[in-house]
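Given next, in C-alpha cells, is a single chain: the form predicted alone.
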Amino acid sequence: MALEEDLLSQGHWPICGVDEAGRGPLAGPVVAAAVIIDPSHELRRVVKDSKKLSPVKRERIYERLISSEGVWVGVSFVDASSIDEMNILQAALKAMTEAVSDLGESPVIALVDGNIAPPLSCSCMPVIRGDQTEPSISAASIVAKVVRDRYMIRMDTLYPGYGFATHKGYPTKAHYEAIHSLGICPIHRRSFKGVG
C-alpha cells in the first residue's frame, strides 16, 4: 500500500503532495507545485509520474487537476537570479514552501518527492521516488512540469535563438552552442557550470 493510502486510512486529511521541476536546467525558474486530491476523486487513479507521460497526456491531466472540484493546487516560481543568490537546493525548498502556502487549504501532512523536507507549518514526510508511488506527489509533478514548460515556451519568443521551447533550458548540446554564440540572456543561471 502506498504511504498516502495508508495515511488516509488512518484518518489523516488533508494530505498534499509536493514536487518541483527545473533543478537541472541552465536557464529559467525552479517551479514547485503542491496538490491535494480528495480521497474519493477519480483523478487519483489517473495521475502518474510526469516523466512517464507524453506532453499531450500531461497537459490533459493538468487541465483536469486545475479545474476539478475536490482538487486544490498551489504553485510557486523561484527565478534564475534568486537561484544564483541562494543556490538551487535552497531555491527549490523555498518554492515548495511557497507552493504549500498557495494551496488555499491547509494540509495536515505534506508528502514531498525526494529526501529533503522543506520548512512547512504542517508535518512533512520526504518520499524517495514519491512521484512514482504517491498520487498527490504525481499530481504535483505534473503541475510543476506543465507550468514550467509553458513558461519556457513563452521565454523562447522573448529570447529567440536559444531553443527554450525545445530543451526547456536543460543542458543540451544545442543549448551550450547557443550560449557560446549568443551569450547569456536574463533568465540564465549564471552560477551554473557552462553558463557564467
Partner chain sequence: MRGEEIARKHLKKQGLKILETNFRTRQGELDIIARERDTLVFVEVKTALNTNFGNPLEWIPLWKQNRIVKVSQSYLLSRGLHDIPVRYDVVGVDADRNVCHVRDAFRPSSEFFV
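Residue numbers count along the first chain shown, from 1. Since the model is a prediction, treat every value here as computed from it, not as a measurement.
This next part talks about the form predicted together with the partner chain, which is not shown.
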query	finding
Residue (of Pro186, Gly11, Gly24, Gly183) lying close to the partner chain in the model of the complex, criterion heavy atoms within 4.5 Å	Gly11
Stretch in contact in the model of the complex with the partner chain, which is absent here, among 151 to 159, 58 to 66, 28 to 36, 123 to 131 (heavy atoms within 4.5 Å)	123 to 131
Interface membership of Pro118, the partner chain in the model of the complex, 4.5 Å heavy atom rule	yes
Interface membership of Leu93, the partner chain in the model of the complex, 4.5 Å heavy atom rule	yes
Partner contact for Ile109 in the model of the complex: the partner chain, 4.5 angstroms, heavy atom	yes
